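For reference, the chain that follows is the form predicted alone, supplied as structure tokens.
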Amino acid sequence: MGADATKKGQKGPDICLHGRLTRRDFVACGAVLSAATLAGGLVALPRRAHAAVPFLSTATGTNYKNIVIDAVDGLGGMKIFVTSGDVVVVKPNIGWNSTPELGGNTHPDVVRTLVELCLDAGASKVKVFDRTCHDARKTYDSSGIQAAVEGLGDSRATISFIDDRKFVSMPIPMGTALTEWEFYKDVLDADRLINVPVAKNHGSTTLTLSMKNLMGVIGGNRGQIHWNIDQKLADISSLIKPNLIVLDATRVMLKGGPSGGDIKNVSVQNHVVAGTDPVAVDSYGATLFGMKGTDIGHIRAAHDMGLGEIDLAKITVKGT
């Protein structure tokens, strides 16, 4: 990884500041720019790696396959994000030993549809995984996501348990509360990352949406993250930038999160939201709970770092 980053870094500043960033480019830029900072230089990562006017595509309906397709099509279709031969990571929330109707994990139909779209777009591999909170063997099974991916019967699509040996330490050049942490190598090496969170209440962060879902690609002691967690989530989001985010709000856990378990706390909304700006997606997601993005500490912190737009009046939202 280090040698590859150094090689890419020879043209890093141009790629970082002006080019269309792939995941590998961004990570390479981060390593190079961090090295420059350590050497006494002062080089800033791009403050926005997305459109000047954030755009969100939404869809509502009881056929979850169709609404995912509609939402992604609203952004121009999956081929905008995935090209032939790409290695893609699809990162849902599979954290909890919980069945789909309880809304603790991303709905399996949403995950399966996104994997299918990636394969149809020509992906050479689509990897699905999460660093779970409960026993992964149970969460993968009870969530329905393992069966959904394996049921495709396509060898290019795999679902695997986290391998602790694959976490590598990375500098976080823009980080303030978190300047270095361990990240999962499969994410760093992927050509494309699709983040697929589920909209939930959370005891520590009030809500868990797209940026909080990135906790599933980091290693280390999670307890350390929970101190000053809002800024740390923003710091993590400054390094790990998904190419596409699809927020699953088919079922929204209004209370008792993140594990949940009581169906009375789940609101069936049959809704998905697609976008590329994590602050915009999460700010929109907050409205599903009757809140604003500015009400949520880590969304506000990410906006303050220039990672996206928090003001929905400045975001174009189209769909149902």
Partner chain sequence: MAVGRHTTSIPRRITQSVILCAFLVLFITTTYRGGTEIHYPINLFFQADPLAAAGTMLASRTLNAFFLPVLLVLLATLLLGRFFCGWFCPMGALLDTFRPLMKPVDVKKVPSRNLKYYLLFLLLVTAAFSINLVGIFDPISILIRSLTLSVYPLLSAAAFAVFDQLYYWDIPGVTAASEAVYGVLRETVLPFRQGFFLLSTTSLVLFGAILFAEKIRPRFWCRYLCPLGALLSLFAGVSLLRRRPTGLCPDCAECNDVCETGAFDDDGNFLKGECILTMSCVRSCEKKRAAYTVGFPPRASAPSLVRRHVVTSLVAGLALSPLLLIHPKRKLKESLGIDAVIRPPGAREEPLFLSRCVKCGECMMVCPTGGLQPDLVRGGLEGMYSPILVPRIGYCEYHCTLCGQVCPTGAIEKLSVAEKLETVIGMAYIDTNRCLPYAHGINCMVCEEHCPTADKAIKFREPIGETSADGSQLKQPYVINNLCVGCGICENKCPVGGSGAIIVTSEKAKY
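Positions refer to the first chain, counted from 1. These numbers come from a predicted model, not from an experiment.
As for the form predicted together with its partner chain, it is not shown, yet the points below apply to it.
Only one segment in the set 110-118, 78-86, 95-103, 191-199 has any non-hydrogen atom within 4.5 angstroms of its partner chain in the predicted complex, and it is 95-103. Contact with its partner chain in the predicted complex, defined as a heavy atom within 4.5 Å, holds for exactly one of Val187, Ala136, Leu214, Leu239, namely Ala136.
Shown alone here, Ile229 lies within 4.5 Å of its partner chain in the predicted complex, counting heavy atoms only. A residue is said to contact a partner when one of its heavy atoms sits within 4.5 Å of a partner heavy atom; Gly61 fails this definition for its partner chain in the predicted complex, lying far away. The shortest heavy atom separation between Glu180 and its partner chain in the predicted complex exceeds 4.5 Å. In the predicted complex, its partner chain lies farther than 4.5 Å from every heavy atom of Gly151. Counting a residue when any of its non-hydrogen atoms is within 4.5 Å of its partner chain in the predicted complex, the hits in 245-264 run Gly256, Gly257, Pro258, Ser259, Gly260, Gly261, Asp262.
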